[in-house]
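Presented as structure tokens, the chain that follows is alone, the form predicted on its own.
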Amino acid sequence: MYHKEKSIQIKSSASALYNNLSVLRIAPRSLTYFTVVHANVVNMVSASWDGLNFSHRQLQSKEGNIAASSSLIMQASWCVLPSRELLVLTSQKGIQMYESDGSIMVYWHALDIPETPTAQAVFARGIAAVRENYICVGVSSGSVLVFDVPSKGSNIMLSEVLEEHRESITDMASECSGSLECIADLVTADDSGILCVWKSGEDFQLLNKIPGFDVCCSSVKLWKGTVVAGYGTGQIRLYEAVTGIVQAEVNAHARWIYSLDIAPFSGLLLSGAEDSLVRVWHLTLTPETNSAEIEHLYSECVTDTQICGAKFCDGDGYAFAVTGYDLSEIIRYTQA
């Protein structure tokens, strides 16, 4: 179904972090951007669609006005809003927002660091663009910070803090099918596996809290009112977002799942895990019964590699990319 393309070399290897790959497709310029986190650096690659031209940029963790910092970066992800695209970095010190090409930092938000060290680490992790003008970012305390982003400029405001989780946020996702009928448009996950489903607006409303059974949910997606969650057990679960009813449960991997992604136009689901496998699934919804089904389509083994990032490169799932711990390359696959 898919065949391997030539890999893209990156300047430094991928850290063993959940969801350690972000992809942005720039159709007007026939480019695809990739980011991979290594310690306190983000490797950014711009690749032309013909595979002939690559350009590299490295972004470093910053602390306000300090040029570079040794604080570890936890995640880098593009947030696509209707009026602009921003690259968001989260670290142990704060949150940085850049123009999409990484050239200009437009906003910095410092985390509250306790003066006396505590047993719990402080960091931000989990990034999602929500509806027209919100970017949400998770924090190790369990809070979710909601930023109101103007259509241009750097006048970004922290508009709300959501306080439902008690454990560190692991991941979050917004509704990716583009469907305006969906009531739920944000899902947040934490270290204990609890999922919170939200409706955005001037005040975000909690619609549902799905129990976690003390198993970490490391990656989560939201598609057509269905929550797709990947767990440390290697399982993938599908929930109806508003009711929390389990619609499907699959023993998808033998080890911890590190990354999920959905191609919104085709309903293809991508999963990558510590067991060296990346798998492609197909999601279908039955409107009459409001139920979701999942079918396995394809598996690829990346030998002796702990996969830590897996992303589709387009909305149809025609191509996907994979990163692995300690690998200094991005591996790409396209449909045969």
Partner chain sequence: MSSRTLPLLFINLGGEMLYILDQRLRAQNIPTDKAKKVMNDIITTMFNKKFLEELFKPQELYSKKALRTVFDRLAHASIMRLNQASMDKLYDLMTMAFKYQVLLCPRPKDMLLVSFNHMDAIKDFVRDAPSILNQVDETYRQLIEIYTPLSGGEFQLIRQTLLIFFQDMHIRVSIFLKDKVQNSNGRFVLPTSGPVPHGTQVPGLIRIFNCSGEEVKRQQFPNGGSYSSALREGSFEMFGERVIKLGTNMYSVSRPVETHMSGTAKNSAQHTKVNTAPNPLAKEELNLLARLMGGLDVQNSPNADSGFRVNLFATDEEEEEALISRPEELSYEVINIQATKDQQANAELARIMGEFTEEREPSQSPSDKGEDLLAMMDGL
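Everything numeric here is computed off the predicted structure, so don't read it as measured data. Positions refer to the first chain, counted from 1.
Separately, the form predicted together with its partner chain exists; it is not shown, and the next lines address it.
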TL;DR on 123-131, 77-85, 195-203, 155-163: the one with heavy atoms within 4.5 Å of its partner chain in the predicted bound form is 123-131
Touches its partner chain in the predicted bound form: I135 (any heavy atom, 4.5 Å): no
4.5 Å heavy atom contact, S48 to its partner chain in the predicted bound form: no
May I ask you to state whether R255 is within 4.5 Å of its partner chain in the predicted bound form, using heavy atom distances? yes
Please tell me whether any heavy atom belonging to Y18 falls inside 4.5 Å of a heavy atom of its partner chain, as the geometry stands in the predicted bound form. yes
Given a 4.5 Å distance limit between heavy atoms, list every residue of 261-279 close to its partner chain in the predicted bound form, or none if there are none. E274, D275, S276, L277, R279
